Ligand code: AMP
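Let's start with one chain on its own, the form predicted alone, as structure tokens.
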């Protein structure tokens, strides 16, 4: 099968790595210089990310499946455009992608379909946001969450126990011209308590295949301190949360949201990413995303025992019920660690420490992977060019062994100004 992956980060590197095989030719655009150190992942002739160039390449290379990685492409309607030209696409339509591109749309849909989630208030103006925060309707002692309505590359969410911080965040998101996050409507939620879990389902519009779960570390620093990031590390829990909770995730979350979107006339094809809070075996939705997570993808996909391309193709063609081959996750633990650039994350324009040479590497094998994200080539060397630079994944029979192996490998690849957490998977 000829496959095109759209995207450039660690998630897309993991997708391309999982899709490549002797039977598949995998292309990626735009990719990054680190990804293309793998000779089995091919560059494209596409010069610019626009719909017509992508379609031209798809037709010229007889691409049989397009897998869209980033949420912004889905929100921009790339899946709709390609499908309108007969291309098989794994990724939701623009309207279905509103589940992520509009947090308010998502919350209102959850409320209508009785999907468990935190109590919330929608502020239509900055003045209304200030009034609501000052009203103390949601206790600051228990924490509140402020979310920009649209896509914000992981930077549009602030959890706080401080009224001053809540008010300043509302101002930044809605009024401050020097802040990259912009929103006209602000979602204010009660802070959920418990343990976070990411659950993934591969969907064909009507049916879904439950892929599995991962625990992500969002905060920049050890001990879950510092600002939120796109994710600093991840691991797969095996004994937790158990079959009863998994059944609730399927029946109370995945099934009803798929039915809701179908009722709206926008059946969901792609990866449904459920960000959940689990407490006392009860499930609440923090948010939905409409694509593979990052770094959850780098954590889960190396565990796949089966043909990922087959299941994504069947999902893209509405045929998951015809899945015949055995598809499961290996009976191993997976730990993924991220190294980021100095200054990450930044929403105030602070320049990160970039273009430092990346030294060292690891030899990828069945149990150890290196996935590149924010890198480029300079003077025939790889240098860091973004916030999250690369990640290391290790598989092992126990969580402790996987963690130890991941940190050993992480020390083999270095660059000036690097930052990483030292407590990932320390449970």
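All of these numbers come straight from a predicted model, not from anything done at the bench. Positions refer to the first chain, counted from 1. So that the term is clear: the rigid core is the largest set of C-alpha atoms that superpose within 1.5 Å between two forms.
Form predicted together with the ligand: not shown, discussed below.
Taking the partner from the other structure, the ligand in the predicted bound form has no heavy atom within 4.5 Å of any heavy atom of residue 301. The closest non-hydrogen atom of residue 220 lies beyond 4.5 Å of the ligand in the predicted bound form. For residue 287, a non-hydrogen atom is located within 4.5 Å of the ligand in the predicted bound form, even though that partner is not displayed. Residue 245 falls outside the set of residues with a heavy atom inside 4.5 Å of the ligand in the predicted bound form. Not one of 43, 56 and 88 is positioned with any heavy atom within 4.5 Å of the ligand in the predicted bound form. Of the candidates 329, 75, 352, 191, 191 is the one whose heavy atoms come within 4.5 Å of the ligand in the predicted bound form; the others do not.
Only one of 283, 145, 311, 201 comes within 4.5 Å of the ligand in the predicted bound form through a heavy atom, and that residue is 145. Between 165 to 173, 182 to 190, 318 to 326, 333 to 341, the stretch whose residues reach within 4.5 angstroms of the ligand in the predicted bound form through a non-hydrogen atom is 182 to 190. Of the residues in 300 to 316, none comes within 4.5 Å of the ligand in the predicted bound form through any heavy atom.
Here residue 241 does not count as shifted, since its C-alpha moves by less than 2 Å between this form and the one not shown after the core is aligned. Relative to the superposed core, residue 331 undergoes a Cα shift smaller than 2 Å between this form and the one not shown. In the core-superposed comparison between this form and the one not shown, the C-alpha atom of residue 142 has shifted by at least 2 angstroms.
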